[in-house]
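One chain follows as structure tokens, the form predicted on its own.
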Amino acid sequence: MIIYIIVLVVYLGMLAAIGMVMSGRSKSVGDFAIGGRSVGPWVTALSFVAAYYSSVVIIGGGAFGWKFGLATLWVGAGNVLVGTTLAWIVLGRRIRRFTENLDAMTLPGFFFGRYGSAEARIFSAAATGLFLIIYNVSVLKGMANTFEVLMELPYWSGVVISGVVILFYTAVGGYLAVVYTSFVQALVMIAALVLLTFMSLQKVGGMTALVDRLNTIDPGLVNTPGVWGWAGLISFTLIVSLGTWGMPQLLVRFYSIKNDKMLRLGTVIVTIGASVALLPYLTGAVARVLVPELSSADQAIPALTKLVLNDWGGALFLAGVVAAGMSTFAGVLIIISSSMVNDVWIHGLGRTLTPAAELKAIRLMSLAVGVISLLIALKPPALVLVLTAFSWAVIASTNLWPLLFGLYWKRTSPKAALWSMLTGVSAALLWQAWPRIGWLPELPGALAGVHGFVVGTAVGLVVILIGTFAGRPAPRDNVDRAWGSR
């Protein structure tokens, strides 16, 4: 316990210090929300890794590896290739240029600038803000589960410790504190995952022994799609890979980089760093062999850590999980608070604030959203990755197609973008609720494992295509500004 406390106090103190240092550089709303578009490629790339592969992936991915075996490695591969590398190639350069041309600091702000649609701005801000809070609950739960197992602390204390430190450095230092702490957190997280994977494989006897022992438990744990089935495997791979293309806390990294030329180096760095996404799923499968009896699959990685690492290694891993979770949670707080104040309060409701008052309002909003997330996390409703998938399904169904079409197709209709959001979210929520609605017919077996993300994004794609061909494009002035013609 002494070793754990020493490591955590030093580590959390360092994060708080970074927040204090960066507080002096967050003098305007632009500084607080996107770092004044001044962040370099290394910090941008590794903060992206830390925000993406949070405690959700470490704890939740490990839980799915424990439940479904080696087939979950395909999820990690999708995270790297689709969710990271392809996202940087397809989205990065255009988002950086378009948001600067439109003077947009949030994704809803981009929708307003690109389409001239106040309705799209408000709906995106409201849906994203609400379901990012649910995502934050899953992040806090992942950190608290690790405290619970490794330090034998009550679950609630892990939630409080994590939440209070994040709220402090986010509210004080803003986006710059978030990305610079995330840079440090990414290094700690990568070191912790590599150490755990090496020691776990050594304990189980190597990959060959792992496959043999999993096969003895259940052949489905070593086959693809195995016990999960194609519907579940493909659905979750898509939602945590393609779904990132609509996640504001990741996309904001493209807003804040100094210039689009730095994205080339950033893409190489982020791909190498993102390769750690495979490790939680692999170590989760190892945990199925070494710690087969668990009260919850979310305890797989913490229990494995306690088994194979000494106290210093366990303390490093705890710091890694806390690092991963904090980077994500803090980034989400910035996104929600900036969007609620700028897109809903000021532009949606027509309130007028001075720049100083707006900055103060964003700081207070970040604290309020953090406290709400913390209170909900004290009694979380489901597994970490289940919560994540649910929230990402709605957020991606809202933002994915209006963003992608808005970046690449000048003719995209504002009404089509709005209706894509509305129908996509409705379809995702209805599909997820379907099994719980008694008067609806039971879904066929082949469709029962399909996640609402797949249905919501499919419906949104059809609607935005049909609506664009049938409707009018955005005002010419908006399109010209986005493309830099004016």
Partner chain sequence: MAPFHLPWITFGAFLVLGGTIILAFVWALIDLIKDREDES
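Positions refer to the first chain, counted from 1. Predicted, not measured: the structure shown is a model, and the values here were computed from it.
Keep in mind the form predicted together with the partner chain is missing from the figure; the text below concerns it.
This chain lacks the partner; the member of 119, 100, 218, 212 within 4.5 angstroms of the partner chain in the predicted bound form by a non-hydrogen atom is 212. Residue in contact with the partner chain in the predicted bound form (any heavy atom within 4.5 Å), chosen from 264, 379, 360, 351: 264.
Segments offered: 147-155, 73-81, 104-112, 306-314. Contacting the partner chain in the predicted bound form at heavy atom distances within 4.5 Å is 73-81.
Across the proposed site, 86, 207 and 272 without exception bring a heavy atom within 4.5 Å of the partner chain in the predicted bound form. Heavy atoms of residue 187 never reach within 4.5 Å of the partner chain in the predicted bound form, leaving it off the interface. By the criterion of a heavy atom within 4.5 Å, residue 95 is excluded from the residues contacting the partner chain in the predicted bound form.
Although the partner is absent here, residue 278 sits close enough that one of its heavy atoms falls within 4.5 Å of the partner chain in the predicted bound form. In the predicted bound form, the partner chain sits within 4.5 Å of a heavy atom of residue 222.
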